[in-house]
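Two forms, one protein chain; structure tokens for each follow separately as structure 1 and structure 2.
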Structure 1
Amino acid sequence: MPNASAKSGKSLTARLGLRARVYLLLGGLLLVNMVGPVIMILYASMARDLYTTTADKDLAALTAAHELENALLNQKGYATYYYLSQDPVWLAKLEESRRAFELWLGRIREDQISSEADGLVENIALAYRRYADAKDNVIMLYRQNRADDAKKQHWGLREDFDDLRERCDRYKAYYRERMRHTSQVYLERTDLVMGVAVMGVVLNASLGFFLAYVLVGQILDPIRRLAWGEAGKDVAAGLSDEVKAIGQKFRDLEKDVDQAHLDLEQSRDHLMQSEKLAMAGKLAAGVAHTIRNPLTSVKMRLFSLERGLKLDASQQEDFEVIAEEIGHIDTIVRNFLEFARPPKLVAQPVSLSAVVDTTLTLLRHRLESYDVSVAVERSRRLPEISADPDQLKEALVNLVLNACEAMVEGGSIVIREETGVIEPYGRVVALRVSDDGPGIPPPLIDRVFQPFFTTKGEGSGLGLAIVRRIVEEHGGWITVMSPETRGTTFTMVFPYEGERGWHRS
């Protein structure tokens, strides 16, 4: 069962969102702070009413009873003084005292609050009437000089006086009891108000604690973590700084989103380009495969023809042109097939410097025929990377021959070997192939790596596309620069783990 209740508590917390929890706690605090004072005002008002109505009346009744008793005591003395002095002044004072008694008795009768009190007063009034009549009779006997009878009756009046005084005491005791009861009721109500106040304080403190817990634990701490990361607990910064930091984070986040969006667009473009390439590759392979067989037949027949043919100069020239053009077709077909063939890298540790040397050895005769000189700028041999040397050789051959064909009447090529660091890729090795040819016009420079794009009459438009594919299969990339349309530099860059050279971000 405790588990069940804990679970239901958790689900309740989960159902109440943060906003609902904060509102609930604030509402609770407001309610306690409103209801508490209202209850206290109510009880204070009730206590005041208790005093202004009941306690004041009781006090007045008690005072009146006291005055009655005083008047009664005076009457007792004045009759005796008259007997002793025979002076009628005492009778006048007696009469005055009786008027006072009647006055107080009248007041008491006006303010009676219960039948019990009323009964007590009526008893006093009855007994007083009897006592006053008896006293009048005694005075009359004194006046008639019947002193013996008067003394006798006067002595008997003592019992009536004591009875009357006892009734007055009973009346006073009744009101004392009432006052004690009122006082007790007042105390009880005061205790209740204090209890309500204590409960209010406890409720206030509890709700305040939970509100603080929710504010700190679920709002301020997350804000701080958001602003400063997990190290936020150790950072003594104001809320304003945290809000600024969050603002900065959101701005950074927006930048990241923009960058991610840009990357995504580039990836999409790249994907579309790759799909186009794949389709072009399939097409090229199909065409090349179909052409290759008859082309080989033509080449063989030409070879056969060449052995026994006796041609004059112009016929010989025609023959050579035919052979040359067939050679071009053969190159195009081979490029098509090479482009379409799925990559099969046979990676091994190889230095690009070795690739450069082998390529230049292979191309020596071709370079001579193009009247192109090649210079290699190498401070020391490039470190080894994991790569397919044949593929890299093919890429470099394509770049060098491309440069040779670009420089119509010979020229020079410079191959620079470099190492360095490019963020975020890290360490890289690079080969720059620069020629001093006419360069690439700016509108065309973005298209040079596109398959089937060529400015040469007999080109397949696949040479540079193949180079780029080989470089990218090795995890690298290739760029081209042709400043002010004079000379062109192709740069192949490959990442590697090794020593540092230049650094660029």
Structure 2
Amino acid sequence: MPNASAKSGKSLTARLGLRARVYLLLGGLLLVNMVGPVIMILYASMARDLYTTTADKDLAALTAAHELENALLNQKGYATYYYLSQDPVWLAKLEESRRAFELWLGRIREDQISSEADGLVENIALAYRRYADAKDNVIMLYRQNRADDAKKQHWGLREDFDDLRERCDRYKAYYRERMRHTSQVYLERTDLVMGVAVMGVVLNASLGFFLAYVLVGQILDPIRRLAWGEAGKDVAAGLSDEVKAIGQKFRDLEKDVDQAHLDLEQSRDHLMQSEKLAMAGKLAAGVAHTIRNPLTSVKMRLFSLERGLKLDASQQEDFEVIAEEIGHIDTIVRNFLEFARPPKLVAQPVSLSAVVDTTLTLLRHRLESYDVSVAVERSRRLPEISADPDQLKEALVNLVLNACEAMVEGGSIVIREETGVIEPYGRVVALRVSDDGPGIPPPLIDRVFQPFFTTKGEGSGLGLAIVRRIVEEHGGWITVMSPETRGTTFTMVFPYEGERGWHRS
């Protein structure tokens, strides 16, 4: 069940957007800060009214009750003094005390707040009237010199006096109880105000904590990561203000978007150009195939004519030039067809050392005609790889002949056979073909593998493109290094058998 409740809470939080959560927390804080003070003001006002109305009236009534008792005691004392001295001065003071009693009794009647209090006051008034009438009767007997009768009635007044004081005490007890009740109500309301204040503090702290969590965890931290990156460093490093860093970030982003649009437009243009070239290549391949058939017939007819005709020296020279140019056209057409329609690889275990030996044997006479010497650096025969030996031989022939044509006045070629490990690709075998020719100018070195790119007047521009295609079809790659005026080195790298799954990125 706790897991279900937690999932339900997370689902509710997920449904609430960031803006809704922030608004909800701010609204909660505003509500608590508004409602809490209103409740406290309300209860403070109620407590003030309690003291300014009820407590003040109760205190006034209690004070009046004390004054009634004082006046009553004075009356008793003045009457006693008169009985003892027969001096009329005490009767005057007795009358003054009676007026004071009547005055306080009238004030009590005006300020009564309940029927019970009214009943107590009326009981006091009734008992006082009876007590005052009896006392007047005693005074009259003293004036008539009937001392014995006066003393008898005077003793009887003690019970009326005690009854009157008891009524006054009940009246005071009534208001003391009311004051205790008022004090209790005041304490309860004070406790309630304190409870509301404590709840307000707790709610404020809780909402403030969650608001801080949302602001820091879901707003400020993402802004900081956006500004400084996950590792705390970014291109905006050096700016101490996240806002400035984000501004820089957005400006960089706008530049990246513009560059991406530009690259996309260029890629689209390249794609369209590639599609056009592919279509042109298909048409050219069809044309080349169509040309090659009559070209073969022309070569055969020239061969027959060469054997049947008796030509003078000049005619023989023209004939050889025609035959040579036709052979050149045939080579171009054959290379083009091979590049456009590459043959399917026939892989078998073969050592690149065997390919090197076969190729050099095949090219021995042509190397002599170019006045080029070839040296093979081999510590041991290279291990076998799964490859098409004919395709590899064609690639090596193209590299060697390309080097021979680059060295116009002859030179030397070095073929190095190597093995090694290249991480993360694993074990590899490599052939390096180096010549001591003039090298490739730096502006052209990135274009040497492009189809139809050539610096030779009679070249087709497909030799190195075919070499790269063959190497890549075997899962390898080819690189070229040509220090200025210090020759050129082509390196073909192939994986061992069993490690063909990788490709050089």
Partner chain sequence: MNRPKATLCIAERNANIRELLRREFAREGYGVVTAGSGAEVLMRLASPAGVDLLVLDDEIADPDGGSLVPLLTRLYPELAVVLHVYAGADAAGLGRRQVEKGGDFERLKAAVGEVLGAKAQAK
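Note that the structure is predicted; figures quoted are calculated from it, not measured. We call the rigid core whatever largest set of C-alpha positions still superposes within 1.5 Å between the two forms. One-based numbering along structure 1's sequence throughout.
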Displayed copy of the chain that is the form predicted alone: 2
Comparing the forms between structures 1 and 2, with one rigid segment turning on another, which of N398, A284, D435, V471 falls at the hinge? A284
Angle of the smaller rigid domain relative to the larger one between structures 1 and 2, in °, please. 31
Mind pulling the C-alpha shift for E306 between structures 1 and 2, with the rigid core superposed, in Å? 7.4
Keeping the rigid core fixed, what distance in angstrom separates the two C-alpha positions of I440 between structures 1 and 2? 19.5
